[in-house]
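A single chain, nothing else alongside it, follows as structure tokens in the form predicted alone.
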């Protein structure tokens, strides 16, 4: 995490550093991105960078956490606050739909996620650190589905939560196949959600 010194900076300066980091990590992979370039573009000395962050990875982790929080803000607030009005599968669909809205409105952030997905070692490190958080989100949603009578009461929620977490990453290649993000990409998630709801056994 950033140091207290970073959080004590004026908001404008903190944002300038984050914007410089986004520019660098959206153009280069984590390993090729340069602290010098980030510092130069942010208008700070390279030595100052290490007063704010332990190293490049410290900044990268903070950036990914910031992006994750921003992505969560794209989930329909009414559905979060009044979930009793909605079915489990409506809520699950909204989770994936919010991801597409986020990507469409934040195109600079999409390449950062793509490059992270391509770096299996780094992805495992970051994904492992955030797995419990992701799994817990889906587990709570699945518990709600059980309460609504829409999810099998005998289902292993830990296993299902893990599967849904992984699916959020595994479908990115298909969504980005045409090189752009648009609302039509929800069709891919709808196909996945169909099998989540109905299974793959012939009926």
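Residue numbers count along the first chain shown, from 1. Predicted model, so just to flag it, every value in this text is computed and none were measured.
From this point on, the text means the form predicted in complex with the DNA, which you will not see here.
Residue contact with the DNA in the model of the complex: residue 56 places a heavy atom within 4.5 Å of it. Not displayed here, the DNA is kept clear of residue 134 by more than 4.5 Å at the level of heavy atoms in the model of the complex.
With a 4.5 Å cutoff on heavy atoms, residue 52 counts as touching the DNA in the model of the complex. In the model of the complex, the DNA sits beyond 4.5 Å of every heavy atom of residue 198.
Heavy atoms of no residue among 139, 162 and 171 are located within 4.5 Å of the DNA in the model of the complex. The listed set 68, 167, 44, 157 contains one residue whose heavy atoms approach the DNA in the model of the complex to within 4.5 Å, identified as 44. Residues from 1-21 that approach the DNA in the model of the complex with a non-hydrogen atom closer than or equal to 4.5 Å are 5, 8, 9, 13, in the order they occur in the chain.
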